[in-house]
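Single chain ahead, written as structure tokens, the form predicted alone.
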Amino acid sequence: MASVVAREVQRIFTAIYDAIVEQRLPPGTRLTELNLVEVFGANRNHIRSALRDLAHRKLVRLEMNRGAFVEEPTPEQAREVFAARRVIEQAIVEEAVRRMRPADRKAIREHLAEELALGHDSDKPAFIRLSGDFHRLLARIAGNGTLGDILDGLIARSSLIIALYENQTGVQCSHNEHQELADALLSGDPQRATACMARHLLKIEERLRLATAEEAEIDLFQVFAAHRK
């Protein structure tokens, strides 16, 4: 019986998790229990368990007497996530270079071919998923399951951050940047690979609008330029 409940909770968790990571559920969306019960044809206790698990992953926020909402990371939390990713993923690519096997090289090339075939439309859930999967692939090649688990959580939170703070030009992982990173990895040069990874993640962060209201100084002369006498 316990295994049946666990599978049911996992089914609900995975569906909501994927919808958040693929940006089909925007930050701030209210996750009404009654609606979720109807959508999934599930027991309310199973819904609550899945939401608690998502809250533990910092993808959902549970508020007393208000319910569950898709998390809305602050600018400071966004910076922390990308700072953590730079540390972890530089270590991952360094180890990936050292452990690279012919099958791994093939997997990298095949993944890049999938990205190219899909195109550069960052609004497509499939492209969002592929972008994250590239980073997960490198973690698997590195062979450190603990770092891979940590990274998986950070990638999920990154998707939320991008959905909340992206600019109009879009900030999903660039296929060109992935290609540059893959070239560095396949060259067998760990220093080049770690530098490419750091640069790639920094570019994503720089394409975000992370200035808070307190940090952003508004130029009133520019805002009202057309009204100046």
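Note that residue numbering follows the sequence shown and begins at 1. Treat the numbers as computed from the prediction; the structure is a model and nothing was measured.
Keep in mind the form predicted together with the DNA is missing from the figure; the text below concerns it.
J.: Any chance 90, 95 and 143 all have a heavy atom within 4.5 Å of the DNA in the model of the complex?
T.: None of them does, since no heavy atom lies within 4.5 Å of the partner.
J.: Exactly one residue in 187, 179, 191, 43 has a non-hydrogen atom within 4.5 Å of the DNA in the model of the complex; which is it?
T.: Result of the distance check: 43.
J.: Which one, 31, 197, 164, 54, lies within 4.5 Å of the DNA in the model of the complex by heavy atoms?
T.: For this set of options, the contacting one is 31.
J.: So in the model of the complex, is the DNA close enough to residue 26 to count as touching (4.5 Å, heavy atoms)?
T.: Result no; residue 26 lies far from the DNA in the model of the complex.
J.: I'd like to know whether residue 48 contacts the DNA in the model of the complex, with contact meaning heavy atoms within 4.5 angstroms.
T.: So residue 48 counts as contacting the DNA.
J.: Is residue 66 close to the DNA in the model of the complex, meaning a heavy atom pair under 4.5 Å apart or at it?
T.: Residue 66 belongs to the contact set for the DNA.
J.: Of 31-39, 156-164, 179-187, 199-207, which is the one stretch near the DNA in the model of the complex, taking non-hydrogen atoms within 4.5 angstroms as near?
T.: Among the listed stretches, the partner-contacting one is 31-39.
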